[in-house]
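Consider the single chain below, provided in structure tokens and representing the form predicted on its own.
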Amino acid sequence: MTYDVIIAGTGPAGLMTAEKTTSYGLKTLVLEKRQGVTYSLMGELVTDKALNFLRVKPDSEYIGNKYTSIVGESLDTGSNIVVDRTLLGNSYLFDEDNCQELMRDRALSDGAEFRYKARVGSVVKEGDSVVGVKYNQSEEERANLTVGADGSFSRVSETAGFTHPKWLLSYGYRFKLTNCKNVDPNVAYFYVGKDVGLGYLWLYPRSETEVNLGIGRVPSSKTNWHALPPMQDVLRKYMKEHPETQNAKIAAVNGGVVPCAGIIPRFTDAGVALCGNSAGQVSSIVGGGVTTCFHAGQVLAKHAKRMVDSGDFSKKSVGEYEKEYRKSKLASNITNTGKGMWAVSKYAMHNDPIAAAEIVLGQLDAKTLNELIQGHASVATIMTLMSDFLPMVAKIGVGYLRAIAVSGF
């Protein structure tokens, strides 16, 4: 049997692609190496845009919480900055499992086939075109279009011949905690600190007694990485030092790897397309990938329908998906934040990023920081930085120029 589409992976990109391709009537097979869709880690802090892509309401069972503000804070000094709803808009905590099951069930109701414990090993090629995948070593399935939504270490990507120059990854762990006390459910926290390293620790309350506590860290160098305490130790230390979590119980542990370098140079070819983390479709500075993955999945599914209708799965035809995606505003934001993350990683190779973070938390206002994080700082913001915060810009800038010179970039 030849499917219209085979999708490797059930993260947000893979599930959204499956949901939409089946809604278009395409015969779709989804392969997942884990036992089910809820075993993969999906980002949780989202805005109205993600809810719109998923077609769920803020008061539905798919939303675990809503926040009125987000706080960025130093674990070492307590310096902090507050971004409220006037700058942030609405911020929600997805109920991760419910959202994943919703997309799966929508796809199933429209005829998708899911196979679990199905680990894709390689694509199958005929000439220059990908025509399917091999999985679980000896099994094989064929499709007109193969979609690699199988994460940062995508086997579809590697075996189809895509390259990932400047591949920069963030490694993370997350605890789901119960039995917490006196948690403010209206505020989400991002923390920096010497034990965290190049990255951040986050605390997303689900209620007054339940929180999601996680950490994401980017290795700027092997030396810097090995000098840091293990990430799970950092989470446990946080639990011990904060009264809200001192008696908390770890109900679940999960982890994942997120690309931080921006969109890869090419993510389509004859008979094959990448989507989500495998294509670098993640806004790196805040680790935001849910909205961008939802968007990519919808764009890809629309083009998959076009390809099936025309019977054209050539390199040029599949490339129309990549062309449209790269023109989008979300793709532009990913590119901008990817460049920013590379600059930060180079800086951290030869300077103290935590000291720089302390300067930012102590001197920047919330509006300016929000614009910088989102990758759309205005001319007025840049001019304000250069005038009002010139000592800060100079101090960090000199460190970055030194990093560029020393590392040869």
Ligand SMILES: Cc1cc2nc3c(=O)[nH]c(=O)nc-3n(C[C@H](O)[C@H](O)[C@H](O)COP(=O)(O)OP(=O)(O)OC[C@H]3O[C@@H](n4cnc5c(N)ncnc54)[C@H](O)[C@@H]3O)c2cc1C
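As the structure is a computational prediction, the values presented were derived from the model and not from experiment. Start at 1 and count along the sequence shown; that's the residue number.
Heads up, the form predicted together with the ligand isn't pictured, but that's what we're talking about next.
Within 4.5 Å of some heavy atom of the ligand in the model of the complex lies at least one heavy atom of Tyr173. Mapping the unseen interface onto this chain, Ala160 falls outside it, with no heavy atom inside 4.5 Å of the ligand in the model of the complex. Though the partner is left out of this view, Arg119 does reach within 4.5 Å of the ligand in the model of the complex, counting heavy atoms only. Lys66 falls outside the set of residues with a heavy atom inside 4.5 Å of the ligand in the model of the complex. Stretch-level contact check against the ligand in the model of the complex with heavy atoms at 4.5 Å: of 295-303, 315-323, 177-185, 201-209, the positive one is 201-209.
This chain is drawn without the ligand; in the model of the complex, the residue among Met341, Ile70, Met42, Leu29 with a heavy atom within 4.5 Å of it is Met42. Put simply, of Met307, Ile81, Ile264, Val258 only one has a heavy atom within 4.5 Å of the ligand in the model of the complex, and it is Val258. Although the partner is absent from the chain shown here, none of Val56, Arg106 and Ala112 has a heavy atom within 4.5 Å of the ligand in the model of the complex.
Residues from 89-108 do not approach the ligand in the model of the complex: none has a non-hydrogen atom within 4.5 Å of it.
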